[in-house]
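Next up: a single chain in structure tokens, the form predicted alone.
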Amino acid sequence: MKNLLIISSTKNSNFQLSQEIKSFFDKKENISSSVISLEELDLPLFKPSLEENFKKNNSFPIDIEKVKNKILSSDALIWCSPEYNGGVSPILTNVIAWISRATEDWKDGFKDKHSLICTSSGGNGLNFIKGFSLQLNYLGSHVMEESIVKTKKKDLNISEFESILLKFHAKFSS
């Protein structure tokens, strides 16, 4: 059984997109999929002094541990986030920082995992996809070249949506 984690940065349209993706994978055999919304977690702003405190006490906050363990136990990751100011959303940058610092090796949560980047944004989301793809590749993820993009002006093309998800499924389930 492969474990797929779908991470939504926000509770709005990206959470809805995450749920649509989960529904697709719920119909597949040998896949266990779950959705986590970063907005529902109490993640402090990453600061090196705060990290030092947590390491000194040998204890990270429960929500950091929760998302870290979910990411570590996953076989593949799907990221759903809007584009913020032409880039990666602050909440997503924050969680990446915490995961890279709360694991033994800073790449543990990402290396050798297949990742698919999705966005539901007001604009075209392409700067987010490009920037986040660079970051995930740097962290050791195998980032799929295609992405799922939903905008205020362009709804999902169902056949394109399913085609991308089928290709992603083939990459991590073999």
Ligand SMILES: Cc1cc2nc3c(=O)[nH]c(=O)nc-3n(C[C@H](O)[C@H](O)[C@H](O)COP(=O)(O)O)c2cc1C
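Treat the numbers as computed from the prediction; the structure is a model and nothing was measured. In this text, residue numbers run from 1 along the sequence as written.
The form predicted together with this ligand is left out here; the points below concern that form.
- Contact annotation: Q19 falls outside 4.5 Å of this ligand in the predicted complex, judged by heavy atom distances.
- Contact check for K154: no non-hydrogen atom falls within 4.5 Å of this ligand in the predicted complex.
- None of the heavy atoms of S163 is located within 4.5 Å of this ligand in the predicted complex.
- Remark: P61 does not count among the residues lining this ligand in the predicted complex, judged by a heavy atom distance of 4.5 Å or less.
- Each of N12, E83 and S120 comes within 4.5 Å of this ligand in the predicted complex, counting any heavy atom.
- Of the candidate stretches 121-129, 61-69, 25-33, 42-50, only 121-129 contains residues with a heavy atom within 4.5 Å of this ligand in the predicted complex.
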